[in-house]
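The chain below stands alone and is given in structure tokens; this is the form predicted on its own.
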Amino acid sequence: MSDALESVKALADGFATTFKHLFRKPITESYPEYKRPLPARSRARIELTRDPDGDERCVACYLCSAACPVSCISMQSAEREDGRRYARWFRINFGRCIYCGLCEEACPTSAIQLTPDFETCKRDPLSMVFEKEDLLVDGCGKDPDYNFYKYAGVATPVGGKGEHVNESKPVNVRSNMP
């Protein structure tokens, strides 16, 4: 008998909750006119940033495309005459992107950064594919002073071997021989 009483009590509690919400005034937010404030760490659309010198930060290391769980990032690497690498083309399919942020975490140059711009809905799926020209912005993003080539240890016009930040001078291995 107690099982039947518990079942009736559970059913009555459910109906009471439904009845309580039945006469409550609905909360309606007119979306295009009013946009809810997003949390401070919200992640959405990806953009490519530049270093403080104005050059592209992306060195086409393919770490972002390897970290992407849905394989929506593709690129091709190239090298300039001064030895600096860059992405010849960089493509992201936002129709497949799940905005997980793994590409941003994997990027060693802070080139990829996620912005809170989440309104990327379009009718044509091909218009959701963004090229490098669409993603590249003129600013430095979240790391305004970081320049990968000042720390990388690669000989470029920014600095030669042993001239980078926190880098020791190269050792002549022949001088270490007995």
Partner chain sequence: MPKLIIDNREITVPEGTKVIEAAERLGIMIPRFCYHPALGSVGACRVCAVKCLEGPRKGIQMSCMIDAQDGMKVSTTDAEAVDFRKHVIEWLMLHHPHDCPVCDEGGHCLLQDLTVSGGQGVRRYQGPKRTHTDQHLGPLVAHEMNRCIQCYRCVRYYQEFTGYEDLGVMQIGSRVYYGRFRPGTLESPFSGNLIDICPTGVYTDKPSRYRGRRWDFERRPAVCLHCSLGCHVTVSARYREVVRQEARFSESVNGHFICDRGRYGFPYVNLPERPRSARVDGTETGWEAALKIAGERLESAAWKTGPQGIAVVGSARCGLETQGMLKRLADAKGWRGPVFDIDPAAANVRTAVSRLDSDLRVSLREIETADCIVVVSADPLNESPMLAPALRQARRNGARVAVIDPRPASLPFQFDHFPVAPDDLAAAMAILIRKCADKEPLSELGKTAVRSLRGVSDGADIPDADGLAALYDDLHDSRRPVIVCGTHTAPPEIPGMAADLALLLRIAGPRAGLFYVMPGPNSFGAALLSDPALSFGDLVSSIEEGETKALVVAESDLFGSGIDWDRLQNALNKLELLVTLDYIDSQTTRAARILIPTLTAYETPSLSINNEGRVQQSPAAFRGGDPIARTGGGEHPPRAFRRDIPGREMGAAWTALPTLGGRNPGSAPVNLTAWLGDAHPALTSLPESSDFPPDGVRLPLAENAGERFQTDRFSHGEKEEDALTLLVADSTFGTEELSSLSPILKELTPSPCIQIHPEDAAEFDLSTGDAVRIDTGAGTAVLPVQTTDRIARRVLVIPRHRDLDDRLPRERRTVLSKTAIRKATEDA
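Positions refer to the first chain, counted from 1. On a predicted model such as this, the values are computed, not experimentally measured, just so you know.
Unshown form predicted together with the partner chain; subsequent notes refer to it.
In plain terms, the part of the chain that comes close to the partner chain in the predicted complex, with a heavy atom within 4.5 Å, is 54-62 out of 31-39, 54-62, 111-119, 136-144.
In the predicted complex, the partner chain lies farther than 4.5 Å from every heavy atom of Pro69.
Residue contact with the partner chain in the predicted complex: Ala4 places no heavy atom within 4.5 Å of it. Although the partner is absent from this view, Glu105 stays clear of the partner chain in the predicted complex, with no non-hydrogen atom inside 4.5 angstroms.
The closest non-hydrogen atom of Lys161 lies within 4.5 Å of the partner chain in the predicted complex.
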